[in-house]
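Given as structure tokens, the chain that follows is alone and in the form predicted alone.
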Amino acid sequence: MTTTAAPLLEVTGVTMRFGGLTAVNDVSLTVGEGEIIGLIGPNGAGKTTFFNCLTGLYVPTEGAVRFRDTLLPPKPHLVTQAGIARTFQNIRLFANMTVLENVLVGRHTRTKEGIFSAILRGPGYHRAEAQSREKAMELLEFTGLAEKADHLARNLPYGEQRKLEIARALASEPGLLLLDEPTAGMNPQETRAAEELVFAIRDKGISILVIEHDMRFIFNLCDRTAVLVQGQKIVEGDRETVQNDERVITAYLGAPLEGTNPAVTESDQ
């Protein structure tokens, strides 16, 4: 599902250096309304560093990130308020909180009650709390976790922990969801369920940018896929374009690419 409208996300010439090492080198990318875009590349290619530049965890050395035609401030909570949510390669749940409580944490950027309302526990506070719980339960229904709302997050099976992280990200009501290796460690059945969930999220009107190593998952899912190698985007296009590009084949076979600069060797985490 592609679109000719103005891009929802527009990344222009983003570069991220750590001292003398370049992790991301002059990468540009757009995501349109209703699109699912893939980002692939070998380990250490700079994919997660690129995500960190989009979400305010890193301040790019060069370049700009615009969302809904507005320059994003390099602060994670302001990026979330603007309408971008993400998951992480390594699951980051609150292990000793319940499934419902984890999703409620994701609602905090969309609640308007101030500290005095929370302290006094007036009618406004209770109304907002009830609305947040209702929204959170809707998301647990959507992700198939409603029956485990009162379970501790740490007691969920791995695949359901991934779903919970997605539900928590959706609680902030994003227009764009960034997924960092959502099927890592999953079996084929769990991967298929994750694919169906991503399509369902897109059907809700949320655009998606996804990092993944599972090529079948990416090519089944995405409208376009961009390939990062040694911090540089070497190709972007549909399944056929990417699969038939000699530079992509070379990169995945492990040979150095002519004309690319060595990227930071820091693990893509």
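Start at 1 and count along the sequence shown; that's the residue number. Note that this is a predicted model, so its numbers are computed, not measured.
What comes next is about the form predicted together with a small molecule, which is not displayed.
The small molecule is not drawn, but in the predicted bound form it has no heavy atom within 4.5 Å of F67. Although the partner is absent from this view, G63 stays clear of the small molecule in the predicted bound form, with no non-hydrogen atom inside 4.5 angstroms.
Remark: L21 counts among the residues lining the small molecule in the predicted bound form, judged by a heavy atom distance of 4.5 Å or less.
Using a 4.5 Å cutoff between non-hydrogen atoms, S207 does not count as a contact of the small molecule in the predicted bound form. Interface residue among A45, I218, I36, V27 relative to the small molecule in the predicted bound form, by the heavy atom within 4.5 Å criterion: A45. Across the proposed site, T49, Y58 and Q89 without exception bring a heavy atom within 4.5 Å of the small molecule in the predicted bound form. The stretch from 36-44, 219-227, 235-243, 199-207 that comes within 4.5 Å of the small molecule in the predicted bound form, counting heavy atoms only, is 36-44.
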